[in-house]
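Just so you know, structure 1 and structure 2 below are the same protein chain in two forms, each on its own as structure tokens.
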Structure 1
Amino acid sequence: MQIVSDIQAILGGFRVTLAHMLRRPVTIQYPEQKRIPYPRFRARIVLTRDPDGGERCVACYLCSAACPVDCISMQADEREDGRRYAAWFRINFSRCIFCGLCAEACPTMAIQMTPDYEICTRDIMDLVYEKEDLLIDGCGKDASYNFYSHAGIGVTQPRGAGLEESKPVDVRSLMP
């Protein structure tokens, strides 16, 4: 009985191989015909803007900390009104593995992945993208999300002044 099941397994493998060999190949003539990627396809990284038109990136360094190949670098700076921003932001696409961990880690939804997969050049230094190359005019996937209006940060309103926020508690008043 062992021999019969082994022969059936081998014949099943041959059947699958033969079915694939006899199938007509699907060839896409690449430069003329482009493949449409799946909706959740992750490729080139972009920096998005708020609905107000400001930069979403607050230079929290979570994207560079989450990156497994260390291809993201930035420098934080602060405006006069107290809002943080990235003075410079750099991604080395020659090292990027397009895993999407940077987009997952971003609390402001500033980093988003696009389905643009045609990133090719002969000069490797052309694959180092600066902030000006990455920043787009639109809001990306969620056009209504504004980090500062949801975060309740004191730069836009005092602490405890949000709709669903209670006033700060003095911890010394909690002592017995």
Structure 2
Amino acid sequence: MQIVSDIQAILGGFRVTLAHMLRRPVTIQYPEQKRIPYPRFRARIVLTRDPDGGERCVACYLCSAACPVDCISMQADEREDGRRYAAWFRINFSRCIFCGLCAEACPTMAIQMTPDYEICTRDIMDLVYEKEDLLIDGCGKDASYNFYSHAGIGVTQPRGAGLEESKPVDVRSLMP
């Protein structure tokens, strides 16, 4: 009969909720009990340095272009030796959606995501991070990676000194 199965269904619902009432809550009590995020968790963004201690960022604007909410802005500049760097570099974390596209776009591994998710403040202007706030002293992920050992020919090293390069050939010696 319809009514019997209906009543059974309702009582079944009551049983399920009672069982859940007696179960341990899954709540994590946040400020006291912090959950440890995975290493690749995407939160606060940093600018890393290469193993020699130099800034990795070459101010190529790729991260800024990739950012879907346009929250990265910078000004490119060039050192005496021709190496590019960002004169200023700004990320507005109040707009950032932590999608990680900037870190994917970066050719030098300079911009990276860290698992530090506790960056809330009372004043929204405190969420605008300048280069000093972003730049860290370590290399972050890919610790051994140094962009200029693969590229930057003629800027930081003479021709042919890069890792995957062979010595330049003297064209005059190429006789038939």
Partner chain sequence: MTAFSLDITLFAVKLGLVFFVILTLAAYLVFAERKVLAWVQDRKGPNRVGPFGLLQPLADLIKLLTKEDVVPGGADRWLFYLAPAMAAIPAILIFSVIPFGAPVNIFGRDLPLVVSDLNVGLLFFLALSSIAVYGVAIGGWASNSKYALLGGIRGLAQLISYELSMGLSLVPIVMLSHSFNLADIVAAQKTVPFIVYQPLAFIIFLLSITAECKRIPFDLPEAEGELVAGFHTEYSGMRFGLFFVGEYINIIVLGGLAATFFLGGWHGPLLPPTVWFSLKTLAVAFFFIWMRGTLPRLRYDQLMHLGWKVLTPLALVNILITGWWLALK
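Sequence positions of structure 1, starting at 1, serve as the residue numbers. Remember, it's a predicted structure, so these values are computed and weren't measured experimentally. Under this definition, the rigid core comprises the largest set of C-alpha atoms superposing within 1.5 Å between the forms.
For the form predicted alone, the corresponding chain is the one labelled structure 1. On rigid-core superposition between the two structures, the C-alpha of Arg24 is found to move 3.0 angstrom. On rigid-core superposition between the two structures, the C-alpha of Arg15 is found to move 10.0 angstrom.
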